[in-house]
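Next comes just one chain, in structure tokens: the form predicted on its own.
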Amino acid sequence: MYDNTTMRLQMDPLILSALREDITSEDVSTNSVMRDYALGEVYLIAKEDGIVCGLTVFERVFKLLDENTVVEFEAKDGDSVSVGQKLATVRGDIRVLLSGERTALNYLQRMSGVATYTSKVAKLLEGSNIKLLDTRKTTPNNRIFEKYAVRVGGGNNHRYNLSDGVLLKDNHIGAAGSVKKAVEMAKEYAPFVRKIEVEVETLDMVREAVEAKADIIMLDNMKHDTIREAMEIIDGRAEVEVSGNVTKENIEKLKDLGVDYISSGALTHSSPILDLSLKNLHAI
């Protein structure tokens, strides 16, 4: 999913769209002070501690503006970085360095923020066999970047999109009429290679999901004691995912329940950026 070819196919159109958003006709500020080509360089500096992620995307922004731009990295995705650390030197047409700066940093800061927050949450699950999952609660048109960042931070990806797996949520169940009917219809329609996951909110729904032979049962927004009861009902007959307002502040309380997965939308929708900056631009 995240090999170089796949990333290039996915990210180039998205990065170009972001650049077009920032430069509709010209970069007036840059063109005011730089009328002609001049070779220069600028340094990528960490302004806080964290996990860096998105360096290839950062580089690609400048390459799409001018393929002759050179980026020399002193760090790689997944590295822990600290305040003041130099992560890269970007060298090329000063006009390109100025025009690409904000878009390149927006991607890098966002992805590094997701990786940093995910790493903190994943550490809270150390010592257990629970897999930390993300969700589809991602920034529109940035899913490939944010889900990659989750993996760099030590998390795992849930389904990538609606074509990637069967997850019957409350409104699917409402549309079908019941948990049992929704699972039956999914088993009839979906390819046999797809696991059927169903979201449940009550113990009665848990029982119905077990009887319908769902492959994965998602316990949504349940209290700790209710999850424990649900685990007794399921009794190993399905994999179990816990979801619903899971954050860094409360995830550790779920470690002792014996579930297989914990998913957290906060990994992508609530992680703060990691502060990074391009500094000391100068001609060479």
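Numbering starts at 1 and runs along the sequence shown. The term rigid core refers to the maximal set of C-alpha atoms that superpose within 1.5 Å between the two forms. Fair warning: this is a prediction, and the values are worked out from it, not measured in the lab.
In what follows, reference is made to the form predicted in complex with a further copy of the same chain, a form of this protein that is not presented.
For a residue to qualify, one of its non-hydrogen atoms must sit within 4.5 Å of a further copy of the same chain in the model of the complex; all three of L14, D22 and N31 qualify. Only one of 102 to 110, 121 to 129, 204 to 212, 81 to 89 lies within 4.5 Å of a further copy of the same chain in the model of the complex by heavy atoms, and it is 102 to 110. None of the heavy atoms of M222 is located within 4.5 Å of a further copy of the same chain in the model of the complex.
Within this chain, E229 is remote from the site of a further copy of the same chain in the model of the complex, having no heavy atom within 4.5 Å. Interface membership of E197, defined by any non-hydrogen atom within 4.5 Å of a further copy of the same chain in the model of the complex, is confirmed. With a 4.5 Å cutoff on heavy atoms, E239 counts as touching a further copy of the same chain in the model of the complex. Shown without its partner, the chain has Y160, N161, L162, S163, D164, G165, V166, L167, L168, N171, H172, A175, A176, A182, M185, A186 in segment 160 to 186 as residues with a non-hydrogen atom within 4.5 angstroms of a further copy of the same chain in the model of the complex.
Comparing the forms between the shown form and the other one, the C-alpha position of E201 differs by 2 angstroms or more, with the core used for superposition.
When the rigid core is held fixed, the Cα atom of L97 travels less than 2 angstroms between the shown form and the other one. After superposition on the rigid core, the Cα of V152 moves by less than 2 Å between the shown form and the other one.
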